[in-house]
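In the block that follows, a single chain appears as C-alpha cells, in the form predicted alone.
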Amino acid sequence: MRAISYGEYGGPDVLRLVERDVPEPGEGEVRVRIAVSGVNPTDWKRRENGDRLEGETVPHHDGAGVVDAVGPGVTEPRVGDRVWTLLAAYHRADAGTAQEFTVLPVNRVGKLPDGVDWDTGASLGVPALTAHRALTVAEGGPAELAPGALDGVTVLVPGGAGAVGHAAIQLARWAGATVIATVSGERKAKLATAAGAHHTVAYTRPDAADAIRRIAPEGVDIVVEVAAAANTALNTAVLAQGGTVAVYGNDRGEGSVPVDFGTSIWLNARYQFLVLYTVREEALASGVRAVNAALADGALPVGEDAGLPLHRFPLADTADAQRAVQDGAVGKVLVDL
C-alpha cells in the first residue's frame, strides 16, 4: 500500500511516498481503508519539532474511510462501516492516516452517520474534539454537549475562521449557546457567520471589548481560546462572573500567558488549559458521542458555504499539504487517497 513516511525531523521535504505492507488488526482493533486524510497544525509541528522519533512515522491524526477488517473481540464497528478517526498518529507512530490503510483501536474511530461525506469525516478529529472539550470544562456546565445543553450561555470564539473555531461555533450553536466570534477581517467574518456565529467582532478594533460587551452586557461565559497571551486583556475585559477561558492555543504568543490577578480573582475566572493527547478517556468518549449526534443532526457541515473552505492535495503531495497548513491556509487541508 502507499503511505507517507518520515524517519527524521525537519521540513516538509523529509516526507517520502513509500510502499508498506498492509497491517493486520489485533485484539480490539479495526483496519480502516482511508478515503480522505485531514491535516492539522500539530502534524507539521511534530514533524519539525518532535523530541523522540519512534522509527518510521506516518503522519496525520484525522481521516475518514471504511472498516475493511476487524480483530478478535470486535463487534462494533463492523466490516463495511464508514468511520472517522481520532488521534491516529498518537496511538502509534506508524498508524497515521496519510496511508491507504491504518489499524486503530475501536476507541479511536467514530461511526459516520449515513449521508455524511468523507470530507466532513476527515475534518473532525482534532478540531471537533478540541472544541467539544473547550465547551465542556466550565464549572457547572455540561460534560457532554447536546441540543439545549448550553441554553443561556454566551460563548466567545476567537479565530472563528479556523478549524477548531469553526467546530466550536457549530457545536456551541447546536447546543443552544449565543456565539460571538472575533476575526481579523471581513472575509473571516463571513466565514464565521456561515459557520453559525450570531455576531462577529474584529479583534483589531480598539473598542473590541466594548463591542462584545454591547452584545453580552453580563459578559461571556466561555472563551474558546486560540491565542491566549495575545487575547488575555480582551478576555479579562469581557469575561462574565465565574467565566471560563478554555485555552487550546497560544498563537501570536511566546510561551507564557500573563493574567491580571486582581481582576481575574474577583471574577472567579477559570483558565482551563487543554490538549487532547492527555485528556481522560471518558472525556474523549463524550466528545465522540456528541460529535456523532451533531453529525446526525446535520450540524457540522464543511466547505466554503459552511464557513470552512477545503484545500485538496493528492497523497503524493502531502508535503505541500502540510506546507499549506504551516503557511496559514484558511480552512481545512485534506489529502485524497
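Owing to the predicted nature of the structure, the values given are computational and were not obtained by experimental measurement. Residue numbers run from 1 along the displayed sequence.
Although not depicted, the form predicted in complex with a small molecule is the subject of the following passage.
Look at 160-168, 100-108, 214-222, 138-146: in the predicted complex, residues with non-hydrogen atoms within 4.5 angstroms of the small molecule sit in 160-168. Every residue in the set T42, A227 and G249 has a non-hydrogen atom no more than 4.5 Å from the small molecule in the predicted complex. With the partner omitted here, the residue from S256, T263, Q241, S184 that has a non-hydrogen atom within 4.5 angstroms of the small molecule in the predicted complex is S184.
A heavy atom within 4.5 Å of the small molecule in the predicted complex is found for exactly one of A175, V83, V126, I180: V126. The small molecule in the predicted complex is not approached by T120, whose heavy atoms all lie more than 4.5 angstroms from it.
For A285, no non-hydrogen atom is located within 4.5 Å of the small molecule in the predicted complex, even though that partner is not displayed. The closest heavy atom approach of Y203 to the small molecule in the predicted complex falls within 4.5 Å. The small molecule in the predicted complex is not approached by A269, whose heavy atoms all lie more than 4.5 angstroms from it.
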